[in-house]
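Consider the single chain below, provided in structure tokens and representing the form predicted on its own.
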């Protein structure tokens, strides 16, 4: 292995990509393949009074339609099991799937969908997290008491504690408070979401997917199809970019249901517009930071409040705020930490993972806070970070012991690459000792 250390290695799959011979899920074709298009909610929030798909089903070239009634198992999937394959009653965000049509080609499917008669009563949605927290806010989830995720009955705030936060602020010479907002982001991979499904020669449901977490998604799909894993041949392929967005199921469940019902190969793919408008996102965040520090720059207390917009369903948001909270004080040794975090539902597309998977969100806020501290103290921003950087043996927010710390060495290398000459006292520091 030593012959590879420090060497630039060619990508094992690079030749296929640059020559155009790489095979992606959308390249898969089977004789007699059918195509799926989805009837999506035209409103951000509403109640379906009536849905008539009879004219859709009678369109020439249409094999049939799919609704929640065609699901042989449960109409629920996802990391917290609350996402719906089809929402037949009360759509929660614009573009949420209500039903689907399966036809000989996509043009025919789109022509047929235009004949659907959907009677939906539009209701008042809520898009802002803090509006959603108000007592009389519209409820995103019917039948619930509020728009907050519950970790346990009545427990809507995730808390991390280290040390004594009150004592930490008493010891501080200075305190800085700041609020930081981060908006929604789309992954926008070159390959939109797509799936191909069929019944194979062993009478198994075969699904070609670009899933980023194959085994987890297979576990989600089994209850939907009401099939054991042995009856599903779930085939992962080349992923044309994912960045976290393909940690969620977008097409596999609907393509699989169509293959089960019509016993023919089926392809379901998003257009670029559908991908941008309706797929999972990196959801919005708001951070409230209160940081206590000594006159020499040492941080002694960090109180952080996180507010994360989950969109219409839970997605991965509870895990995101936990992960974010563990590192929201940055790679710095802070003896007293209090993190309070909430997941808030709104009538928007579902929030999920994206590169850096929630950790980066807190770092943006914390590093901005660090620069403000340096400015207030008249201290070099590099020195402030070197003073507080983790060393081996320090304790993180959730009481993990830091091992293999490298922030100081990384910063030193960044300074070198940027042509910045750091003072000798910083160059002598390392992550092995204080």
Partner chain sequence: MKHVLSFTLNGAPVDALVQATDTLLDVLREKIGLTGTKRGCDTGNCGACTVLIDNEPVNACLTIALTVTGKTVTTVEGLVEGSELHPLQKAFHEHGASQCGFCTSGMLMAAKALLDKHPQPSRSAIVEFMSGNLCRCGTYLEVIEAIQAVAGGK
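Residue numbers count along the first chain shown, from 1. Take the two forms, superpose them, and find the largest set of C-alpha atoms that agree within 1.5 Å; that set is the rigid core. Note that this is a predicted model, so its numbers are computed, not measured.
Beyond what is shown, the protein has a form predicted in complex with its partner chain; the following relates to that form.
Remark: all three candidate residues (190, 241 and 272) come within 4.5 Å of its partner chain in the predicted complex, counting heavy atoms only. When its partner chain is considered in the predicted complex, residue 413 lies well away from it, no heavy atom lying within 4.5 Å. In the predicted complex, its partner chain stays beyond 4.5 Å of every heavy atom belonging to residue 70. Contact check for residue 423: every heavy atom lies farther than 4.5 Å from its partner chain in the predicted complex. Interface residue remark: residue 417 is not counted as part of the site for its partner chain in the predicted complex, having no heavy atom within 4.5 Å.
Heavy atoms within 4.5 Å of its partner chain in the predicted complex belong, among the stretches 167 to 175, 190 to 198, 217 to 225, 334 to 342, to residues of 190 to 198. Shown without its partner, this chain lists 383, 26, 367, 392 as candidates; in the predicted complex, only 26 has a non-hydrogen atom within 4.5 angstroms of its partner chain.
Distance criterion of 4.5 Å from any heavy atom to its partner chain in the predicted complex singles out 186 from the list 122, 131, 186, 150. With contact defined as any non-hydrogen atom lying within 4.5 angstroms of its partner chain in the predicted complex, the contacting residues in 11 to 32 are 11, 14, 15, 17, 18, 19, 20, 22, 24, 26, 27, 29, given in sequence order. Superposition of the core reveals a Cα shift of less than 2 Å for residue 424 between the shown form and the other one. Taking the rigid core as fixed, one finds a CA shift for residue 414 smaller than 2 Å between the shown form and the other one.
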